[in-house]
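One chain is shown next in structure tokens, namely the form predicted on its own.
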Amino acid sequence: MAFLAENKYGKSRVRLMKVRRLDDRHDVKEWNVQVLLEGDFERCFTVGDNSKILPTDTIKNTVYSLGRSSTATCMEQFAKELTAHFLEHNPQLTAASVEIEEKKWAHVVVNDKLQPTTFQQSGPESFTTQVTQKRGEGLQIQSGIRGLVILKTARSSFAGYIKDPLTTLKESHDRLFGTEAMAVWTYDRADLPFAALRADILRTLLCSFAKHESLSVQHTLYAMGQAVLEAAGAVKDVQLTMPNRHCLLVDLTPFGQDNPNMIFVPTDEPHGYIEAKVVRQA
């Protein structure tokens, strides 16, 4: 006999560009929003009773309508507003979750002068947040960075690993270290200066990556997570994913040339994949 164990539904990839028209400049936010709802929807699945279903098209329209009236200046605040709205107006819900990815836009600077209404998309990294609330409980807020492409050409090595009959990798004490990192951290409360904290955490990640004397990707990943916890007291854990972006040394001996760590071929497939969660001790 079958029974419905878990379920959720919602709307994904709701694209929203909002322009704030201030007196001296314009600001833009580009958000990609996903809303997921959980609740008393069993009869919809089992017998086709839609009487407790909020249409996903209505969810999409709610994102746009609330975007118009919202005074939120960061995606965490907007996600909190959306979560509260759906729980307040839909008593059949037991939980609501809002996930937002933000593409970064910066004002163009011409002749050292900021152009107040002209923008350039920066990146390739994007910012993320996920705000979840169960009815009657507090908010859980996780924010992060996705697609952070970073590279260092010194202070990186990899040696002392297991060598068996299938090992062909040579030890390196001076290698290029590249990765497309993703970081997700959990805040310990819901009322924080999220934009400023995110900027501080990004600076911390980059500083740690640059300065660390890396003995492996794992070694540097842990150092970066540890640095975030030391720098941001409002963060209780951080999960980092760091797949390799390999740069392989090219053999130039067939051409009668040496290669003193100068010429490489970039490749990202196949790649090593390293992931870990660093948690603040109680």
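Being a predicted model, the structure only gives us computed values, none of them experimental. Don't overthink the numbering: it's just position in the shown sequence, from 1.
Separately, the form predicted together with a further copy of the same chain exists; it is not shown, and the next lines address it.
A residue is said to contact a partner when one of its heavy atoms sits within 4.5 Å of a partner heavy atom; L148 meets this definition for a further copy of the same chain in the predicted bound form. Shown alone here, A190 lies farther than 4.5 Å from a further copy of the same chain in the predicted bound form, counting heavy atoms only. Using a 4.5 angstroms threshold between heavy atoms, F209 counts as touching a further copy of the same chain in the predicted bound form.
Put simply, L22 is far from a further copy of the same chain in the predicted bound form: not one heavy atom of it is within 4.5 Å.
Of the stretches 190 to 198, 94 to 102, 171 to 179, 136 to 144, only 171 to 179 has residues with a heavy atom within 4.5 Å of a further copy of the same chain in the predicted bound form. Contacts of stretch 53 to 71 with a further copy of the same chain in the predicted bound form, defined by any heavy atom lying within 4.5 Å, are made by I53, L54, P55, T56, D57, T58, K60, N61, T62, Y64, S65, G67, R68, S69, listed in sequence order.
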